[in-house]
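As structure tokens, one chain now follows by itself in the form predicted on its own.
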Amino acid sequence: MNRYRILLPVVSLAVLLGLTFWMQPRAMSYFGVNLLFNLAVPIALATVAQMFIIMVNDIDLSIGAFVSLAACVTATWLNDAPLIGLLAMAALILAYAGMGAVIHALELPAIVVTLGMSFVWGGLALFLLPTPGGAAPEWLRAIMKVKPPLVPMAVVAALLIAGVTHLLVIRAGLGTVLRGVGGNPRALTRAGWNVMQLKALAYAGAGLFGVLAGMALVGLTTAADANIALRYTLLSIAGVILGGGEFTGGKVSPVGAVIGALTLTLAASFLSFMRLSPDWQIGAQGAILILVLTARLIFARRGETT
């Protein structure tokens, strides 16, 4: 099952990529691949942020609004007054950690708290940027527009994100402990760990990657909007599950989550090539997710019977 957990998202990405190249042969080039995965980096970062929450058996319905707020901070304070912008980003990460601590201490349902916080993040984003605008810092635009040899920046960045998060979550000892919060928190308590602090740390990790997602998005779009990343909430959840994660047990796959984000990004381009109406594209993306999950369930049941 662990093998299929990563194999299925890889196969789904490969199939979609093959179909896309078949429909649009001109996409099989450096420039074409760059266009296909142009917005994959912020989506992958937001998906990793959601993964940190799902890893501790919670779910975050505010990540889209949070990424939008981080984008607004990037396009305003970080560009005009870098020190204030950095302090604001640090405050946002601490606020996310505090949200995780409060959820655990008061035994509140994360889905309700994060839904409420989405309005807080959205209100702050509107306060900072009532109308679309702002500007990306020059250094950020330069980073996002780098053109590495052989493969586009989006692919290189996705590989880096997957590698770093794999080391943090799977290989590092602290990552193992954090996954234990979702797997067996009572065992961690008996071992002397403070579960509230660990959950706050997981939420801080989500806040960090959410901030990076907002920065990457502004680096690509060169401007911001209070609603620029609202759809990232559902995309991030779908990316984690598509990549082999589960809502319980601390079972996540950082590499799979990034692949899931790439698959959903590519699915949007593929559906556009099919000239499918935007009103139907979200439903079609959901159908792709259901197909992959159905295949995973079939393999899981076969594993149980053998």
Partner chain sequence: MSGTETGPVVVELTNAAKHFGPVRALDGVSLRVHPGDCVGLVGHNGAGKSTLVNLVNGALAPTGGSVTFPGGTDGVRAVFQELSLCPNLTVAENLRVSHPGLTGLRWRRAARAEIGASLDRVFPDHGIDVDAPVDTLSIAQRQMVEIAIGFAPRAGQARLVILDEPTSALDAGIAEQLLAHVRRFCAAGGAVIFISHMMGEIFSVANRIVVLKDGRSVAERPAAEFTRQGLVDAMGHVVTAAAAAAARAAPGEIVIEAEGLNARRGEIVGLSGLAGHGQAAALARIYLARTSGWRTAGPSRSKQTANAVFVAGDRGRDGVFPLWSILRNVSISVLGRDARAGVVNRRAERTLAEDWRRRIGIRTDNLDNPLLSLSGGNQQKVLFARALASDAEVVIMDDPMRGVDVGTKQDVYAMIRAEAAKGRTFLWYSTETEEVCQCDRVFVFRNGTISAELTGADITEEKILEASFEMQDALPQVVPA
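As the structure is a prediction and not an experimental result, all values here were calculated from the model. Numbering follows the first chain given and starts at 1.
The same protein also exists as the form predicted in complex with its partner chain; that form is not shown, yet it is the one meant from here on.
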| item | value |
| --- | --- |
| Check all three, Leu83, Pro137 and Gly219, heavy atom within 4.5 Å of its partner chain in the model of the complex | no |
| Option touching its partner chain, based on a heavy atom within 4.5 Å in the model of the complex, out of Val195, Leu115, Leu174, Ala105 | Leu174 |
| Exercise: Leu126 in contact with its partner chain in the model of the complex, heavy atom 4.5 Å | no |
| Non-hydrogen atom contact Met89 with its partner chain in the model of the complex at 4.5 angstroms | no |
| Close approach of Gly32 to its partner chain in the model of the complex, 4.5 Å, heavy atom | no |
| is_contact(Leu188, its partner chain) in the model of the complex, heavy atom dist at most 4.5 Å | yes |
| Per-stretch contact check against its partner chain in the model of the complex, the hit in 34 to 42, 266 to 274, 62 to 70, 244 to 252 (non-hydrogen atom, 4.5 angstroms) | 244 to 252 |
